[in-house]
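This document opens with one chain alone, in structure tokens, the form predicted alone.
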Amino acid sequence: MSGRLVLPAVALAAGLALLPGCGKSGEKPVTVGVAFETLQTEYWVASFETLKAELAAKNIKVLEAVADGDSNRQLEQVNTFITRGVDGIILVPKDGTAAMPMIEAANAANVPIVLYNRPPARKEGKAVAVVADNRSITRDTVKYLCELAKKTGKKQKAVLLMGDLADLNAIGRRDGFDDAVKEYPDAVEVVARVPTEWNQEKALAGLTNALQANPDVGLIFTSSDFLFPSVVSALKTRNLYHKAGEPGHVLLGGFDGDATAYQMLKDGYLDADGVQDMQFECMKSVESVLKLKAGEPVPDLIPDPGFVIHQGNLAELAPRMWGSKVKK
């Protein structure tokens, strides 16, 4: 998977585009602004399209914006939404800190704002966050891997690929990993924690170094499926990429539920994946912004419990894994 995915339908160059919706004659149509910090991964691309589809299904006009990683640009885009009189905003910020001035701007204009998949850094202002329960999903995924490690009868050396720790999601996944492995001191020993900052090159270099120092690594967990190409490349270089059950197989786990992870599960290389329920998060985000507009109460935090998919339940849960529907 390449580092950047681009949808032809997304007007990235323009920054903002208006998608027409339908409304009753004579009525001002409801308009919602959807602002994404990036479309760098399959998850963001699929989420962007799903949110727009959910809104369109309710005959809601959509203003869309993609900031290409520039938080200042995204703040300008949010202010443009407000100037254009949107009835609500669904926002994916770069991180929780970057979200704060955008929440402040929306609050000052009395425009409801919902944060999709990334929570604010502080509980200041009025905003709803619809977020995967990163810690518990990761904990359950890694516990499954630890049980597999335990069954091997030997203490397995483990490597964690961490995300950008400025991102609260990455922190939750790191903490979930730690929660799990500390329950298995006789089965797992963490020998390396690779900082990736959600970057393929850093992930590949860091994991390559970890494998050179620990050629007998038996378990690897990546905080995002987005980094699996780097994981696979590093393993193949050292002839460590084998299917589950084959000699030399390194236990593999990840987080997200993307198309690469789905294919690796189908092919027998991936042991377990923590899946974000994207459809649930999109549905709740749209539902929340409309409830806020109507003056109805909405919790500040709506967690997505997600689920763990693995070789044992793949046939049953694959239809719920968003990556199983993404064409490669």
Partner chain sequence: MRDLLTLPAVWVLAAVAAVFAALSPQFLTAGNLINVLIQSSAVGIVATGMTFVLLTAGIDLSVGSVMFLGAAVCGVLVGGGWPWWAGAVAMLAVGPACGLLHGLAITRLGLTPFVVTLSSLFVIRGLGLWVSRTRAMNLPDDFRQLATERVLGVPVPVWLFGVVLLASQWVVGRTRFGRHVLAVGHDAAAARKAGLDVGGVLVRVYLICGACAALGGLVALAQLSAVSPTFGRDREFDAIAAAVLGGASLFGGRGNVLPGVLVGAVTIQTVYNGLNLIDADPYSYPVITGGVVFLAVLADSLRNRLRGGRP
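In this text, all values refer to a predicted model and were calculated from it rather than measured experimentally. Positions refer to the first chain, counted from 1.
Quick note: we don't show the form predicted together with the partner chain, though the next part is all about it.
In the model of the complex, Ile103 stays away from the partner chain, with no heavy atom inside 4.5 Å. Contact check for Asn117: no non-hydrogen atom falls within 4.5 Å of the partner chain in the model of the complex. Looking at Gly218, you'd find every heavy atom of it more than 4.5 angstroms from the partner chain in the model of the complex. Contact check for His249: no non-hydrogen atom falls within 4.5 Å of the partner chain in the model of the complex. Stretch 42-50 is the contacting one of 298-306, 42-50, 275-283, 55-63, since its residues have non-hydrogen atoms within 4.5 Å of the partner chain in the model of the complex. Note on contacts: among Cys146, Ala98, Met162, Val86, the single residue with a heavy atom within 4.5 Å of the partner chain in the model of the complex is Met162.
Exactly one listed residue, out of Ala187, Val194, Ala127, Val92, brings a non-hydrogen atom to within 4.5 Å of the partner chain in the model of the complex: Val194. With respect to the partner chain in the model of the complex, the three residues Trp198, Lys236 and Thr260 uniformly fall within 4.5 angstroms at the level of their nearest heavy atom. Looking at 213-251, the residues that come within 4.5 Å of the partner chain in the model of the complex, counting any heavy atom, are Ala213, Phe226, Pro229, Ser230, Ser233, Lys236, Thr237.
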